[in-house]
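This document starts with one chain, in the form predicted alone, laid out as structure tokens.
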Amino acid sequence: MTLYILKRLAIGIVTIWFIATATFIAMHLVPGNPLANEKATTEVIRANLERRYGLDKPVTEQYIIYMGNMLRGDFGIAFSEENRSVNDIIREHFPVSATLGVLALLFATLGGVLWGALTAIYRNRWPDYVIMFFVILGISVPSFVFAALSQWLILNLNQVTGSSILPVAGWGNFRYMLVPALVLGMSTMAYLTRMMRSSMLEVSNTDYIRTARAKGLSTTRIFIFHQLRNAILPVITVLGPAIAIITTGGFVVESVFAIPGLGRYFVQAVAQLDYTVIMGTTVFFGAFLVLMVILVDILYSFIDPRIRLQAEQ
């Protein structure tokens, strides 16, 4: 088991290095000047800014400095923010994205497992048809459409009731989080529902399920301890990427609902060509995704011992 974990960690480190290198190369291939929006009215001021940010050095030397700083956990100073480091931006705004993402993941996981199990139980009956219609809708329709539609519904609901039942935008208590979290987790919930349905139908035709029925076990016991437990394993495998994608990938949702998360700063950095913020947040997102995948792989190996045995061979 230890060897399996070490192998996964080694692969994860190489993956993060590749993400960091690819991001550095891509940012230096993008046309434009990151200091174009600065108040560098003269060549002297611009030269001083380039010297401060290391842009006057050769690309290879910039890469060495960049990788060295990254190994120390220093992503540099933001070009578009006055006297503010990328680390400060991540430290202050990632908890907002993480809070929204965890709530969205909770909705997506519980909803996906519940609706997927129901569609399998009521296969080819009206509950199956209704749920699968909304699943296809959730997968097909982009999140920004759901975000705009939900804001329109909230406005009409508040007008009908004559009070602010739910806020249209902003960030605060649970009332502010509820609708953005539902919108953010919608597509993941739909994907998990479809996966759970397929897994439940596959497990229901296995020998151990037929054996359990032959032994006279109750339908509820078979469903919970045999069918559901084994059908949920494929769902767990996608939770790692889902956690990272939902937690850090709500760029559109954060922009529409005016949520001060890290995704919103990433979008602003791309618009302003802020090299350090783009590279820092991209590497941070990538490292977070790799970490989640490794953790889920390790968790999956505890749930299914066959993976441990294969890894140790």
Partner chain sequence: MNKAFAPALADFAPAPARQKMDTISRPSLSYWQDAWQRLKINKRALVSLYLVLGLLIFTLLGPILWNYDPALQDLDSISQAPSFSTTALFVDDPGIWEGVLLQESSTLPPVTGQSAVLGATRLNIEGTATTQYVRLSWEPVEGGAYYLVYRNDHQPESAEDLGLPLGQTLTARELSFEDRLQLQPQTYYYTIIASGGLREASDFATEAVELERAITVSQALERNLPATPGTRVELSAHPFGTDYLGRDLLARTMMGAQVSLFIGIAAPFIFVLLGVIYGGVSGYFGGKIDLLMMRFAEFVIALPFLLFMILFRIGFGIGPGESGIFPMLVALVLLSWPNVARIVRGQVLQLREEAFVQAARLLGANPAYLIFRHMIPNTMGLILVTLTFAIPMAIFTEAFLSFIGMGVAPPTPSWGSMSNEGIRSMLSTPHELLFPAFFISVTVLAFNLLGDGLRDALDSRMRSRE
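Residue numbers count along the first chain shown, from 1. These numbers come from a predicted model, not from an experiment.
Not on display, but discussed next: the form predicted together with the partner chain.
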**Complete:** Of the candidate stretches 169-177, 148-156, 98-106, 68-76, the one with residues having heavy atoms within 4.5 Å of the partner chain in the model of the complex is 148-156
**Prompt:** For residue 123, is any heavy atom within 4.5 Å of the partner chain in the model of the complex, or not?
**Reply:** yes
**Prompt:** Even though the partner chain is not shown here, does residue 19 get within 4.5 Å of it in the model of the complex, heavy atoms only?
**Reply:** yes
**Prompt:** Is residue 62 close enough to the partner chain in the model of the complex to count, meaning some heavy atom within 4.5 Å?
**Reply:** no
**Message:** Check residue 194 for me: does it contact the partner chain in the model of the complex (non-hydrogen atoms, 4.5 angstroms)?
**Reply:** yes
**Request:** Would you give me the residues of 114-148 that have any heavy atom within 4.5 Å of the partner chain in the model of the complex, in order from first to last?
**Result:** 123, 132, 136, 139, 140, 141, 142, 143, 144, 145, 148
